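Here you get one chain, nothing else, as structure tokens; it is the form predicted alone.
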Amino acid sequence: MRTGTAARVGQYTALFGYLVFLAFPFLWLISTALKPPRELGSLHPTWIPRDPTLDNFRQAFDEQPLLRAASNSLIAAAGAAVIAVLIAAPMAYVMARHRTLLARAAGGWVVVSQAFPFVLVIIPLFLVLKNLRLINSVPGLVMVYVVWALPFALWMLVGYVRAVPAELEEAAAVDGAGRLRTLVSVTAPLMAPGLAATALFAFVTAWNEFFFALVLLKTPEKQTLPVILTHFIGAEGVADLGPLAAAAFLATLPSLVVFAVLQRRITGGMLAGAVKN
């Protein structure tokens, strides 16, 4: 009895420590964003600002086009998430239901492609986009994000397709449904947690991505939010800490909102009781 209680206390202590570890950067970011300049330069920083102010937020919007950059990021991230899921879902269905040598080779290539560094693929992608005249454009960036997110999205969805009982598809086939109708009406609804998790992964990855956006987008009107945040750092590497923290805090909110909206889909057990053995 005492051993079980001690183990439970240890588990909750470790969980609390992990939560503090995760929350510390975000809470410190909020604290920094609300501090006036004299507190930011203090040798004895405090958690709670003594004289909280919103001037850093106003200064951030005055110095940089944050709304336009956020709009570009939203278009790129949402477009990449939707397109990646639409492409990966039918591909994952074929790979999961038809376990041929070609499907296994494709699955192996998906895993290997995740090891490719950004620097290795940026030159071929740049040349392709240059020929398509999509350099310095948000649609071109969306195409790059889809290519980068597709392998992992496909790998995730293959597992979710295999978790759907084949008996349901066989029953749909007996009722006269074709492959496409079965995928749309039977398999896809049961894959909703997987589709939501995949879309969330693609969205957050594209929203936070910096390297491709820095290389492919040259004009400030087309740049995304992570690139604009670097403008708060001067030529000598000195950061305008208050406005930078305020802008960075605002940049984290969309990811949190998307996760809050989709978290039930991600954690929901929609397959429970679907088939009786």
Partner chain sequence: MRRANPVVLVLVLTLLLAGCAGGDGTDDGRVTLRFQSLAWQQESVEANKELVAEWNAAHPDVRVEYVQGSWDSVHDQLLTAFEGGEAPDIIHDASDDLADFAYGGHLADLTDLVSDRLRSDIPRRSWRTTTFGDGIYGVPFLQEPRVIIANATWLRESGVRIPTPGDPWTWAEFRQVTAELGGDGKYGVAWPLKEPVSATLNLSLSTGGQLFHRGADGKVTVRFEAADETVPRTIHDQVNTDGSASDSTLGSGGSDTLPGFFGGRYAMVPLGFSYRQQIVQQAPEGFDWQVLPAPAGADGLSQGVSPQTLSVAQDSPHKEEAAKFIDFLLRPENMVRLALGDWMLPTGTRALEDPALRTTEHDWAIGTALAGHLRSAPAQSVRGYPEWKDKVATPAFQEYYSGAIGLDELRRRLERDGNLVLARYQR
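Positions refer to the first chain, counted from 1. Whichever C-alpha set is largest while still superposing within 1.5 Å between the two forms counts as the rigid core. Source: prediction; values computed, not measured.
Keep in mind the form predicted in complex with its partner chain is missing from the figure; the text below concerns it.
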{"item": "Contact segment among 135-143, 109-117, 163-171, 96-104, judged by heavy atoms lying within 4.5 Å of its partner chain in the predicted bound form", "value": "135-143"}
{"item": "Partner contact for Pro37 in the predicted bound form: its partner chain, 4.5 angstroms, heavy atom", "value": "yes"}
{"item": "Partner contact for Val215 in the predicted bound form: its partner chain, 4.5 angstroms, heavy atom", "value": "yes"}
{"item": "Exercise: Phe201 in contact with its partner chain in the predicted bound form, heavy atom 4.5 Å", "value": "no"}
{"item": "Interface membership of Ile122, its partner chain in the predicted bound form, 4.5 Å heavy atom rule", "value": "yes"}
{"item": "In the predicted bound form, the residue from Ala177, Ala78, Val147, Met156 that sits within 4.5 Å of its partner chain by heavy atoms", "value": "Ala78"}
{"item": "Residues within 4.5 Å of its partner chain in the predicted bound form, restricted to 81-97 and counted by heavy atom", "value": "Val82, Ile83"}
{"item": "Yes/no, Thr219 Cα shift of 2 Å or more between the shown form and the other one with rigid core fixed", "value": "no"}
{"item": "Is_shifted Pro52 between the shown form and the other one (CA, 2 Å cut-off, rigid core)", "value": "no"}
